[in-house]
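In the block that follows, a single chain appears as structure tokens, in the form predicted on its own.
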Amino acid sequence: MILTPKDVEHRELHNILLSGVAPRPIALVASQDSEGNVNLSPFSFFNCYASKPPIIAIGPAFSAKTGKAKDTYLNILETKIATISAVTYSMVEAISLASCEYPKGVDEFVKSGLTKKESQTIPIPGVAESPFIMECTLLENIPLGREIGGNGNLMLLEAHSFTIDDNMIVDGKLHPHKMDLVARMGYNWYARCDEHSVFELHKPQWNGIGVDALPSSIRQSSILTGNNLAKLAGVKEIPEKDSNFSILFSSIEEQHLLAQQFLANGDLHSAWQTLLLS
């Protein structure tokens, strides 16, 4: 399937884009206008782009129905400050409720049942139920579209303070299983970053030999997957054959299946030794 944006109805294009560019972290953004009215709204056009200084970006879109700017966008332009709270699985129904288009001046903290947590550097609260809160100031707003239904803006914010729940820390690091964050997918789909879906992947300690340097009998295997080949190709050099290593197999296919099982168990040494056997 080949799609050209101009040939796709806007709402469907929006859902296709969000389904392909996924999962995306969710920013629960609290802002307020110059009169002190607080607004709370979730954004999945959100990420971090620098760490010194810490730069965060959100993309407040104009309403697809009316083309009007949303309260968060107008508030941040007006007061130049906001808090961003991470969203956990225990908060999903509350953030869905906070995403409703209430009239200006309605406090989504009250509507959603979420609790305000006093900030350290700005007069806007964070979300007390969140394990990770950033207090931010606006650096720059970059317009991305102005026609009705256009996407909107890229807002760059600098985080000046972080509030982190101590219970999320394991061995001095924020742990994903403890955080249990939620990410946005396309349409009505979300992803949960819990212990069943989050995995750890270590980068090679050196420049690997690369898949192109693998022996052709391995590289052209009908059994080994792309992930298998990349793992094998992450070694600094092809290992020497271990004369003490012995394992029985009756075919190349069985040999590669055995090596694949070793890789699945994290035993790269045995996988290579299996493949080096005649």
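This is a predicted model, so every value here is computed, not measured. Sequential numbering from 1, following the sequence displayed.
Not on display, but discussed next: the form predicted together with a small molecule.
- Message: Within 4.5 Å, heavy atoms only, one stretch in 37-45, 242-250, 206-214, 228-236 touches the small molecule in the predicted bound form. Which?
- Response: Result of the contact check: 37-45.
- Would you check, heavy atoms only and a 4.5 Å threshold, whether I26 touches the small molecule in the predicted bound form? Yes, I26 sits close enough to the small molecule in the predicted bound form that at least one of its heavy atoms falls within 4.5 Å.
- Message: Would you classify E135 as touching the small molecule in the predicted bound form, given a 4.5 Å non-hydrogen atom cut-off?
- Response: Although the small molecule is absent here, E135 would stay clear of it in the predicted bound form, with no heavy atoms inside 4.5 Å.
- Query: Is there a heavy atom of S119 no more than 4.5 Å from a heavy atom of the small molecule in the predicted bound form?
  - Reply: S119: no contact with the small molecule in the predicted bound form.
- Message: Test of understanding: in the predicted bound form, would F109 fall inside 4.5 Å of the small molecule by heavy atoms?
- Response: No, F109 sits far enough from the small molecule in the predicted bound form that none of its heavy atoms falls within 4.5 Å.
- Message: Would all three of T72, I95 and Y190 be in contact with the small molecule in the predicted bound form, where contact means some heavy atom lies within 4.5 Å?
- Response: Per the other structure, all of T72, I95 and Y190 touch the small molecule.
- Given that the small molecule is left out here, which of C100, V170, L144, V198 has a heavy atom within 4.5 Å of it in the predicted bound form? Of C100, V170, L144, V198, the residue with a heavy atom within 4.5 Å of the small molecule in the predicted bound form is C100.
- Item | Contact residue in the predicted bound form, chosen from I223, I55, A61, I218 - any heavy atom within 4.5 Å of the small molecule | None of the others qualify; the residue that does is A61.
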